[in-house]
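So this first bit is one chain, no partners, the form predicted on its own, shown in structure tokens.
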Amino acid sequence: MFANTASRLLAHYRENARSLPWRASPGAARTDPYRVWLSEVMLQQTTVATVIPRFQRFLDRWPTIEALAAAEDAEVLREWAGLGYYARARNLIACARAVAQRGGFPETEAELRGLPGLGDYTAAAIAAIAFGRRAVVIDTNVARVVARLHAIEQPLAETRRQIRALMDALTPDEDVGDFAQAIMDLGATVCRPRAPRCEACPLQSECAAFASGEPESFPPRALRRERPHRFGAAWWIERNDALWLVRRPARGLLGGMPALPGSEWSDVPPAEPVLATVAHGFTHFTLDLAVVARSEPLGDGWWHPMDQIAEAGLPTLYARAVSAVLDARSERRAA
């Protein structure tokens, strides 16, 4: 069964593979591990549509891992702005330097896991796609496909070992890179979380979830915990058409990123009059950030020209805060 399943999936992939800038065509020579690694790091928690132009910008600026390893931290973080989950950017820098120092990427899954920021999935993906090593590649899309094939009735978080064992049995010994990308594509474009396109699925005949008549109900969704809510204040310090920016501490949320100076985030909203407020969601909590006017520079920072604020590399939270203040100012002038 498993060999036939893999063969059908590979045949479907050869006809329907997505054309992506980091991917070789089905059956073609393997992709440069730098491109595979960079794309996989960018795609964590970020959509393909968002990553495609940013991936190309990174390659244009740093075409090799040696070039990226030699880059200034601040430049890489600035280029990463807007992709979110900024710990990934810091790990990206550390990993690039580790790989450059050793003279290239290791080829085995075990050695790849030893690089900064590479977990089980990313290490397996690079081993399979870039080096043709047999590896069990499981992302969220793959886990969903496997869970539906077998009509697994528990949430994915509770069935990781079972999913891994089933995926291991399904993974062929050859064409492992194409197979990994084939099943990822199937989960992203056909076996979608909602409204799966079962009529287009090459595995429909053996899918237990399809046979049940309710494929979308597999796997069941885990209950979401309500995230705590926090408040913070950011200082708006403007002088001579320039805005005072600081760099956040290297460790912690938005580490190393440029930002507006401000208070620690807490459970109590600021009592001062605000210029604007933006709501933002992090993985483990939500935040209301109030922007408050100040007159004197605070912290170790720099003056950034207002007409070049888009090039400051502000993370999404602070870019939205700046836009909210400027929009409010424009509305007042138009009134």
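Numbers for residues come from their place in the sequence shown, where the first is 1. Keep in mind that what you see is a predicted model, and the values were worked out from it rather than measured.
Although it is not shown, the form predicted together with the DNA is what the next lines describe.
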With the DNA left out here, work out from 200 to 208, 169 to 177, 231 to 239, 253 to 261 which stretch has heavy atoms within 4.5 Å of it in the predicted bound form. 253 to 261
Note: exactly one of T64, Q45, Q56, S266 sits with a heavy atom within 4.5 Å of the DNA in the predicted bound form, namely Q45
Taking the DNA in the predicted bound form as the reference, which of F105, F218, W244, Y85 has a non-hydrogen atom within 4.5 Å? Y85
Would R23 count as touching the DNA in the predicted bound form under a 4.5 Å heavy atom rule? yes
G119: touches the DNA in the predicted bound form, heavy atom cutoff 4.5 angstroms: yes
Any non-hydrogen atom of R294 within 4.5 angstroms of the DNA in the predicted bound form: no
So, R225 and the DNA: in the predicted bound form, are they within 4.5 Å at any heavy atom pair? yes
Going through 189 to 223 from first to last, which residues have a non-hydrogen atom within 4.5 Å of the DNA in the predicted bound form? R192, P193, R194, A195, R221
